[in-house]
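In structure tokens, the next block holds one chain alone, the form predicted alone.
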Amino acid sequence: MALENLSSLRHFGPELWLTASILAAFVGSMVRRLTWLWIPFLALALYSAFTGLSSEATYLFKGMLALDGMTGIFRLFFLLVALLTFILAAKSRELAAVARPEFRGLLLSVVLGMMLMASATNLLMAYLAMEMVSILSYALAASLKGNRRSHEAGLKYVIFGGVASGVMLFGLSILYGLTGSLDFAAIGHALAGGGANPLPLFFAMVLILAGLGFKIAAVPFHMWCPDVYEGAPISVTAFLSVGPKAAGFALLLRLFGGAIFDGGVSPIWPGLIALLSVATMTLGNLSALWQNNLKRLMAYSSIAHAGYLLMGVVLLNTQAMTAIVFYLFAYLLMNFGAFLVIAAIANENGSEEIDGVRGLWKRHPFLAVSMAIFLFSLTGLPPTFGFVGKLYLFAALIESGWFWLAVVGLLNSVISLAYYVRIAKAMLIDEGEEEVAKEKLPLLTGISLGVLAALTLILGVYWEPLRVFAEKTFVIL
């Protein structure tokens, strides 16, 4: 059932409160005493997203958006991404010269676009939401005034993003021409009827996959990722590595899982996506081995994690899609935890290199231990949340008969151990080359790190309630 526009508004609470928060952030740029006004609205958006979680499904705004379990989970996910990014940016010295109200407004607008991407059930709506995320992300990457690296990152992001957007739009237009509809469900019915010519359909899907591959930084559409991550502010890098990537996967699940694959397209597609997954995680991990800059290393690491997540896209059954969402939550905790440590070190000694963390154990034992927990979780070692996330992905593959892909994923996890342990060794064993003035860790950063590290460990040994919650709630229209 598709609700009318006015009836849809009462189910649109998180997006409406988030819009109010965006407006309040920009009002704060004009009225100095109201710079805090956006915070209560963001809190209301979080509350509305949490209380609005339900497995009941319907369509909003005459079928433009879906309200289902997947929408509810991703709403909560993206708002948590925003919250952690603001915590990361709160004490950032590199953002000292950036106009904070505008920065908050831009970032919250990207979050709104990501929420629309996750719930879109119409090609036009999906493309507009994706462009909203992309264009504002370009501005965030180039937000450091007078910083050549940041401006270069923004320019590269615009150029690569513009090409990917045009390619995807061409693919969407071919798909519309073949099926005669913009609606995902109608596209699925049209493809199931077998009326579409296979060759143009294959061509359209390749073009659409190229656009979505750019968003999730999958090989060979990843070229922008290391340079943009290195040039952007640390808080923006952390945001880009989790938020838009998760939004890309949400749209991939909605479009391919809910429409195109249900339409019974060519059986070669799972094999092609499996090869894409192998290329993405292998290139990401092998390239990360040679990196000395922590942000570039985390960029290649994020490419590798996109490869792991693509393993779930190969199956696109309920178990695999739940495993993808489960892994995204694990990635949210461990990746933001790692970037919180990188930001704290950069604030102290101005270094973003691995050399900058040498001897960290002696200066900041809490930072060193927390970082070690996040790195082991990113590798997928027990007892961490990252291990559980990979376990569910590998289990879904093995149960469906994709043994070779699970083995390749396991081998890639072993490769990733080499560069994550390299950082841990520098922190815990190596001596610092020069004395660095020790700075007191901000209270907010310390509390956030403690919470993220504790959750990474607790959910690594007792994850059952979260699994039950994800399985009961995750319903896709």
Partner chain sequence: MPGHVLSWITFFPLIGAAVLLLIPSGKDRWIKGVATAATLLPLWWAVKLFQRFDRVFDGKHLEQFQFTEGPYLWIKSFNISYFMGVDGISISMVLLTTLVGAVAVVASFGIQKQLKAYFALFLLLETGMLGVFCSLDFFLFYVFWEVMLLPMYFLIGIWGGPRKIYAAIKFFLYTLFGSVFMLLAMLFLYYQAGKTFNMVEIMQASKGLAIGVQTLLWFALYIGFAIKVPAFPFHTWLPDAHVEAPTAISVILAGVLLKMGTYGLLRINFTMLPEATYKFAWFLALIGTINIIYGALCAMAQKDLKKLVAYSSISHMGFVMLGMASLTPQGINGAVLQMFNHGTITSMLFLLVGVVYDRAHHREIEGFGGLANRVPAFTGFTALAFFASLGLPGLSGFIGEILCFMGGFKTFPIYTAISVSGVVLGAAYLLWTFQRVFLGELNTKYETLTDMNVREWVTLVPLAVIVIVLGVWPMPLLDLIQDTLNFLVTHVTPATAIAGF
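Just so it is clear, the structure is predicted and the values come from calculations on it, not from any experiment. Numbering follows the first chain given and starts at 1.
Keep in mind that the form predicted in complex with the partner chain is not shown, yet the notes after this line are about it.
Taken together, L207, I216 and F221 are entirely out of contact with the partner chain in the predicted bound form: none brings a heavy atom within 4.5 Å. Taking non-hydrogen atoms only, S413 approaches the partner chain to within 4.5 angstroms in the predicted bound form. By the criterion of a heavy atom within 4.5 Å, R10 is excluded from the residues contacting the partner chain in the predicted bound form. Under a 4.5 angstroms non-hydrogen atom cutoff, the partner chain in the predicted bound form has V461 among its neighbouring residues.
The partner chain is not drawn, but in the predicted bound form it has a heavy atom within 4.5 Å of Q319. Partner contacts here mean any heavy atom within 4.5 Å of the partner chain in the predicted bound form, and among 335-343, 84-92, 390-398, 104-112 they occur only in 390-398.
Exactly one listed residue, out of L53, A43, A418, V27, brings a non-hydrogen atom to within 4.5 Å of the partner chain in the predicted bound form: A418.
Exactly one listed residue, out of M64, L428, L37, A57, brings a non-hydrogen atom to within 4.5 Å of the partner chain in the predicted bound form: L428. For the stretch 347-377, the set of residues having any non-hydrogen atom within 4.5 angstroms of the partner chain in the predicted bound form comprises W361, K362, F376, in sequence order.
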